[in-house]
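To begin, one chain is listed below as structure tokens, in the form predicted on its own.
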Amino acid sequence: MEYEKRRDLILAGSGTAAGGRYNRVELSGSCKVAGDIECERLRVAGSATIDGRVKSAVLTVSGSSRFEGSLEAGELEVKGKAHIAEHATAKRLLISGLVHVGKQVSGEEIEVSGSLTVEENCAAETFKAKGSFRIGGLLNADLVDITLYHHSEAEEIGGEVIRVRRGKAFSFGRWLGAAYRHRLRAETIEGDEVMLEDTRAKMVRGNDVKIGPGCEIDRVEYNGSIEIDADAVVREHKKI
């Protein structure tokens, strides 16, 4: 596709425009696009709304924006607040603001330093989080790497390597008690290599499993090795 031959769309203030194919799209203020957009670059600021599907090579959100359809991007960076009503797909998804996705999220690389809410499943090759997340279904990635600075949760977590560590700012939780710790909660966690801290789960399955401090696990099933920290609660564990 020859993006350079397409026109740009620049909206500011309270303007309205129709969807279509564009080269560069810049939306700022309380503006609205009615229809689908396909473009090379899309930058959204202010309180813009796109009432349709979006496909962009590079998409940046720095305001408070709504996408009423699905969203597809090569790189999606959210510094502000974004509500995506349907599916979100991006090769690289960087979240330092707040993102809410009404259906599923998929990508190659997802990094969360802000807040991510996904109503259904989230799938990636690499999922890294130092912010908070809530995933209503399955979080599935080859590598799941979570550092707990906030409470996070998922119905299920699956992957090859799953690492959950407490953040360095742990001293307040340590003195105030377990109720004040930042924790990960999940019904089931399953991976080849599983290393957990400050995690509450009903079931953990893996080949090599390490249950670290602050964990509360109802049952662990493993077929390789297991380590259980003295500051962890594992009610039942079985080699299978």
Partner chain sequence: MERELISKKELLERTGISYGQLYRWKRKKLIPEDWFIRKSTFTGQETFFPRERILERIHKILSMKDSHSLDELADQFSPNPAEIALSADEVLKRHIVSKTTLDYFYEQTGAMESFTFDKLLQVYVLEQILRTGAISLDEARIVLAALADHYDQLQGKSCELLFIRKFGLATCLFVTAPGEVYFEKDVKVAIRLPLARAIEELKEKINAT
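Just so it is clear, the model here is predicted, and its values are computed rather than measured. Positions refer to the first chain, counted from 1.
One more form of this protein should be noted, the form predicted together with the partner chain, which is absent from this view; the next part is about it.
With the partner chain omitted here, the record of contacts in the model of the complex names 118-126 of 89-97, 118-126, 146-154, 75-83, defined by a heavy atom within 4.5 Å. Listed residues Arg205, Arg41, Arg200, His182 were compared with the partner chain in the model of the complex; Arg205 is the one with a heavy atom within 4.5 Å. For the options Val164, Ile135, Val112, Ala141, the residue carrying a heavy atom within 4.5 angstroms of the partner chain in the model of the complex is Ala141. Within this chain, Gly158 lines the site of the partner chain in the model of the complex, having a heavy atom no more than 4.5 Å away. Using a 4.5 angstroms threshold between heavy atoms, Asp192 counts as touching the partner chain in the model of the complex.
Using a 4.5 angstroms limit between non-hydrogen atoms, Arg24 is distant from the partner chain in the model of the complex. Within this chain, Glu216 is remote from the site of the partner chain in the model of the complex, having no heavy atom within 4.5 Å. Contacts between 212-240 and the partner chain, taken as any heavy atom within 4.5 Å in the model of the complex, involve Arg219, Glu221, Ile240.
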